[in-house]
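Here you get one chain, nothing else, as C-alpha cells; it is the form predicted alone.
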C-alpha cells in the first residue's frame, strides 16, 4: 500500500526541443518540502499505443523489426499507435492485419504499461489475440516483417533470446503467461 503524497507544484513548463515525433519540455517543480527541481520530459503524440500477443496453434507469433535506437533487428510482438477515435481493440486488430497478416476473432486486454514515466508519458495497451484468421492490410512498415512462431510450452526460453530484450515485450510475455495459466492452458512453474 502506498501512502498519499502531495504532488509537487508545477511552476512553469517550457518547450526546449521539438521533433517530428516528440516534444521535450522542461518542467519547473516545487516539492512539498520547498525543494525545487527542473525535470525534463518527452511528450510523444497524445495517442496511446497497442502491443498484441497473437496466439495460434499453441504458438506465439513474433516479428523481427529494425529498431534504429539500437541499430539492430529485434524480436517482439506486433505494436503500433492507436489512430484517432480507435479503441484498443480496433487498433490491435488493424496492427495485426498490417504487421502479421492476421485478424483476431477474440481480443482481450491484459493490462496497460508505461515506459520510463519519469521522463516519458506514453501508455501502451497490451492485448492477447486468438481466433486468428488470414487478412492482410497495407501498413507503414518499410520492409516485410519476418515472423517467428514460438511454442507456448517454452515461454521461458524466449527470455534467453538475445534479440528479445525490450522491456515492453518482456512485460507482455509475463502478462500473457499469467493469462494462459489462469485459462488453464499452462502450468504455473514458479
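The model shown is predicted, which means the values in this text are computed figures rather than measured ones. Numbering follows the first chain given and starts at 1.
Not on display, but discussed next: the form predicted in complex with another copy of the chain.
- This chain lacks the partner; the member of 32, 154, 136, 58 within 4.5 angstroms of another copy of the chain in the model of the complex by a non-hydrogen atom is 32.
- Although the partner is absent from this view, residue 10 contacts another copy of the chain in the model of the complex, with a non-hydrogen atom inside 4.5 angstroms.
- Remark: residue 42 counts among the residues lining another copy of the chain in the model of the complex, judged by a heavy atom distance of 4.5 Å or less.
- Taking the partner from elsewhere, residue 112 is found to have a heavy atom lying within 4.5 Å of another copy of the chain in the model of the complex.
- In the model of the complex, another copy of the chain lies within 4.5 Å of some heavy atom of residue 72.
- Residues 112, 113, 114, 115, 116, 117, 118, 119, 120, 121 are the ones in 103-122 with at least one heavy atom within 4.5 Å of another copy of the chain in the model of the complex, listed in sequence order.
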